[in-house]
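Same chain, two forms, each on its own as C-alpha cells: structure 1, then structure 2.
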Structure 1
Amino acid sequence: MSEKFLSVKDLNDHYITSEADVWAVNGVSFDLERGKTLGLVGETGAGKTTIARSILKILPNPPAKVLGGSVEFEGKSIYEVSEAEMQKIRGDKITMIFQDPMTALNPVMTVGEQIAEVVALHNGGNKEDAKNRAVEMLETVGIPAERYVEYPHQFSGGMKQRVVIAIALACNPDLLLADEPTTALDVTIQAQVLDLMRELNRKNDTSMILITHDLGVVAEMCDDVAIVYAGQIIEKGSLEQIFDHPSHPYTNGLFGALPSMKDDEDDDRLHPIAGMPPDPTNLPTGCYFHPRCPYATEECKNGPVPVKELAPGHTCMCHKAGEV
C-alpha cells in the first residue's frame, strides 16, 4: 500500500477562549497526491487558514485546540511527532506563504537574511551556503541580487510577496501551503505572482494547497477543489467536476454570485447568497448551511448530513446532492 502523500482525516479544531468556543474546523477530511494542487475555497472565516495551519502545526495554543482527527504526511503522523521533528519538517518539507506580505516579514531584518535564515536552519547552519542560496532565490523570484541587504519597508507589496515566496521555496519543499497569496495584491501583480508559483511548482514537482476565495484563481491554478463552509468540506472534486457540475447549493450559490460578462438583459444584477455566514460560536443544528439554503427541508435541520459520492472523486455533503 503506497503511503499517501498527505492525508487529513476528520480534523476538528476549536479556539477556546474565556468567552466562547469557536468551532473553527469541524470534521475535515481530504487527501492530496504528490505534485497536485488542491484549492481550498470558501468565504472569509470558513476555516481554511485554520486547516492549513493545522497541517503545519502552528496554531496558537492557547487558544486553539486540536480536538480530534489526524494529519498524515509522507507516512508521519503530524500530531504524534515531537516538536523537534516538526521543526525539521517546517520550512523544509512543508512551507507556508502568508496572506499579507506587509506584515509577513520582520521589519528589522534584511530580506536576504530572512531567506538565508530558513536555509541555514535546514542545511546544518552553513552560513555561506545559505547566503548563496538566498541570492539565488532572490533572482529566481525576479529581485536583483543587490537588494539582499535592503529592509522590507523598502519594497512594494508585490516584491514583498515575492520575497515570501522565495523564503517558502528556498528549501525545495514537498508541500507548499499558500494562504491567499495574491489577495492583497492588485490584479496585474497577481498574475505575475501566480505565474511564478506555477512555474516553480512545475519545475520542482511541488504539491500545493492553495487557499483562496477567488474562483478565477482556482480555475487557473488547481487540479482539485474543496469547498469549505463553516469548517466543513461541503463539496470536493476535480476542477472540471466542480466547475462543470457544482452540486451543493452553496457551491451553486458561489458560481451564481460571480458577475457575468454575458450581455443578458435579464441578468444585470448580482445574485449573492442570501443571509450571512453562521456564527462559529453558535452553529446551526444539522446542516450548517440550512438557514440560507433555498432548498432546505425539515430533515436538513436535524442530525448529521450524509456525504454522497456523485462521481469517482466527487463528493457532496448534502441531503439533496445531485438533485439540484
Structure 2
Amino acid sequence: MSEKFLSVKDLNDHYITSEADVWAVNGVSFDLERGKTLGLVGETGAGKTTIARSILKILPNPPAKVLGGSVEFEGKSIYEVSEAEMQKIRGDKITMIFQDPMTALNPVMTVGEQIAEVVALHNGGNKEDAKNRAVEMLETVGIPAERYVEYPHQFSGGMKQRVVIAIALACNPDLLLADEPTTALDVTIQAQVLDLMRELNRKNDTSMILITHDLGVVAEMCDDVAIVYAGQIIEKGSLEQIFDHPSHPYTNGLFGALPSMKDDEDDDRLHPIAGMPPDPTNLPTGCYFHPRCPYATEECKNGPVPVKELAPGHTCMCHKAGEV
C-alpha cells in the first residue's frame, strides 16, 4: 500500500535583505506518498526551487529564513534534525538534481571522483567498489567510462547535467528532488533520463518531486500535480484532475499557451497569460493572480482567498473555482 512519508505544512520562506523582504514561499502545504511523483509547475520565480531546497534544508541563511511551517520526512521533522544527521540524509535518503550544473559540480575534482565520493560516504565499502559504482552511473546516463578521470570544464552543459543526475541517483534515494532535470539535454538524452528516473521509481519505490515548465514531461512522469504561483499552491490534484478539469484561471492559462496538435483547431494563435508575475517584494492584496486574471472582481482584490475542494484530492484557491 502507498504510504505518506513526506508532509509539508504551511511552509513560509522569505529572503530577508537590507533592501527588501522577498516573499518566496507563502503557506505551501502538500503530502507525498511513497512511490508517487508530484509535479510542481509554474513560471520562473514562483518559488518552486525554494520549496525543494526547504525540504533538503539547504536554503542559504542568511538571507533565507523559514518563518513558519514544517517538513516531516518518514515521520520525523526535518527542522528538528541536527545538521550532522541531516548530512547522512542528504545524498542517501533525499537527493536533488540541481537546475544549474555549472555551480553544482566541484571544478577541482574529476567527475568520477565526485560520484564515487557520494557512494563511499553513504554506502561504505572500499574505494574500488565506489569507483565501480561511479563508472556504472556514468554509463547509465550515457557518458563513456573513460571520461571518469576528466574534469567538469571538459564537459558540455548537457554532459554536466548528466553527471549531476548520476550523482543524485548513485545511492538509490527514497526521495528525489528534480529541479528542471532535462532542461540542458537534447531530446534523445532527455527521453533516456526520464526513462531512468521512471525505472528508479518502479525498482526502488522512490518518490519524486519534479519541478518543470514542461507540461508534456508532467503528463509522462507525474501522478499528482501542484500549480505554483507567487509562492502559493493555487491548484493541486491528480494528473487526470488537473489535465482534464483545470479550474483556476492561471492553470487554464498555462494550458491555453500550449500549441494544439489537432487538425480541426480553428484558432491558429496561442493565448499567452497577460501581464507579468508579481514582484515578490510587493505582492498584491487578495488573490495574487488578480492583476492578470480576466475574471477578477472586487472580491478577488481584497481579503483572503478560499481554498475549495472540487473533488476528493482536487483543491483550488479561487473565488470562482470550477466556474471558469
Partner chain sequence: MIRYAFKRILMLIPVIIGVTILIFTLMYLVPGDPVASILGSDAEPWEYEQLREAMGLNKPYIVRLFNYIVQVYVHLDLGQSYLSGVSVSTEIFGRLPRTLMLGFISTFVSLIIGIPLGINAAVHQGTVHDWLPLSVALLGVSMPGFWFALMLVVLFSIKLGWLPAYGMGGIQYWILPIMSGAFHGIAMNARQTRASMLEVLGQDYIVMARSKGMPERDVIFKHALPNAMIPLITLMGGILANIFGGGMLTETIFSIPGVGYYMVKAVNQRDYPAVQGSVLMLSIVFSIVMLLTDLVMAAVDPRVKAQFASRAAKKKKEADA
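Source: prediction; values computed, not measured. Between two forms, the rigid core is the largest collection of C-alphas that superpose within 1.5 Å. Numbers given to residues start at 1 and step along the sequence of structure 1.
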Mind telling me which structure is the form predicted together with its partner chain?
-> 1
Could you check whether the CA atom of Asn132 moves 2 Å or more between the two structures, using the rigid core for the fit?
-> yes
Quick one: core overlaid, is Pro101 moving 2 Å or more at the Cα between the two structures?
-> yes
Work out from C-alpha fits how many degrees the smaller rigid part twists against the larger between the two structures, would you?
-> 12
Where the rigid core has been superposed, how far does the Cα of Lys160 end up moving between the two structures, given in Å?
-> 2.8
